[in-house]
Ligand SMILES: NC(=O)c1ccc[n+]([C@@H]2O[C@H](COP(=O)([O-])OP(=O)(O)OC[C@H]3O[C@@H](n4cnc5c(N)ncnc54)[C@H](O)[C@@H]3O)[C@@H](O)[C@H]2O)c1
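What follows is one chain in structure tokens, specifically the form predicted alone.
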Amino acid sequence: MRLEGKIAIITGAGSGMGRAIAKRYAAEGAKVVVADINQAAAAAVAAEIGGDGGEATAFQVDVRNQEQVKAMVAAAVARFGGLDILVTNAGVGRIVPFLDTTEADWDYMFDINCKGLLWCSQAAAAQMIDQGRGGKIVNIASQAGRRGEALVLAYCASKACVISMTQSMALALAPHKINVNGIAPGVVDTPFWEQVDQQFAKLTGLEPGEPKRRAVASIPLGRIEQPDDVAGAAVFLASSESDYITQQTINVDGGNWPG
């Protein structure tokens, strides 16, 4: 098992990609803090992991709140004895045309996708530095961070910010042997993409389901991405196999975007 004995926090782990990563980490031997703003969802995932023979605990957190984030890290240390891996998966998105984007839209996405990432990474890195044994931080970006889209300006910008923050954090933490990398998924079969489909349909006049169908049709590998596709890359970036990789954001999108 590639993560045997490691202690991991995954934010936004109550569903979708976060759930898949949490379950895969536990299967690979990690002790997992399933963190989510939805306590019931986090508890359900932790129970699933326990039912499969793994070790997990649920923690309710709003990543915008520094005190809650610090409490999350403290809970990991109290329960499992330390922290080796952080996955900043918590994220939100809204489909809003450029001219209609409001300050509230902008702040909502940047506060969770970027500020929340910063608070989580600072708290986790401080603990890893104190331990003196290095660590791994994996940030979940998006193919939207690689390009602009007319109806997704703020979300694209926030995910481009995640990629940039990954680079800066990697350089800052390299002296402490903490690797920082990102994953840029594409069209993932999660509840989030169901919401995206509905929002795109409303704005473009298409039938619900058609925006998602067109997005999937454009994927070179010919199928929609599954959460487990992201989990595989997340295991690699958290394991010793990636010890000489840092400052990178890996596209895991079926070939949908070349950059």
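On a predicted model such as this, the values are computed, not experimentally measured, just so you know. Throughout, we count residues from 1 along the sequence that is shown.
There is also a form predicted together with this ligand; it is not shown, and the following applies to it.
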*Any idea which of 26-34, 58-66, 199-207, 214-222 reaches within 4.5 Å of this ligand in the predicted complex, heavy atoms considered?*
58-66
*Do Asn38 and this ligand share at least one heavy atom pair within 4.5 Å in the predicted complex?*
yes
*Does the 4.5 Å heavy atom contact test between Leu151 and this ligand in the predicted complex come out positive?*
no
_Would you classify Met17 as touching this ligand in the predicted complex, given a 4.5 Å non-hydrogen atom cut-off?_
yes
*How about Ser142: is it within 4.5 Å of this ligand in the predicted complex, going by heavy atoms?*
yes
*With this ligand left out of view, choose which of Val73, Met165, Met128, Val187 has a non-hydrogen atom within 4.5 angstroms of it in the predicted complex.*
Val187
*Within 144-170, the residues that have a heavy atom no more than 4.5 Å from this ligand in the predicted complex*: Tyr155, Lys159
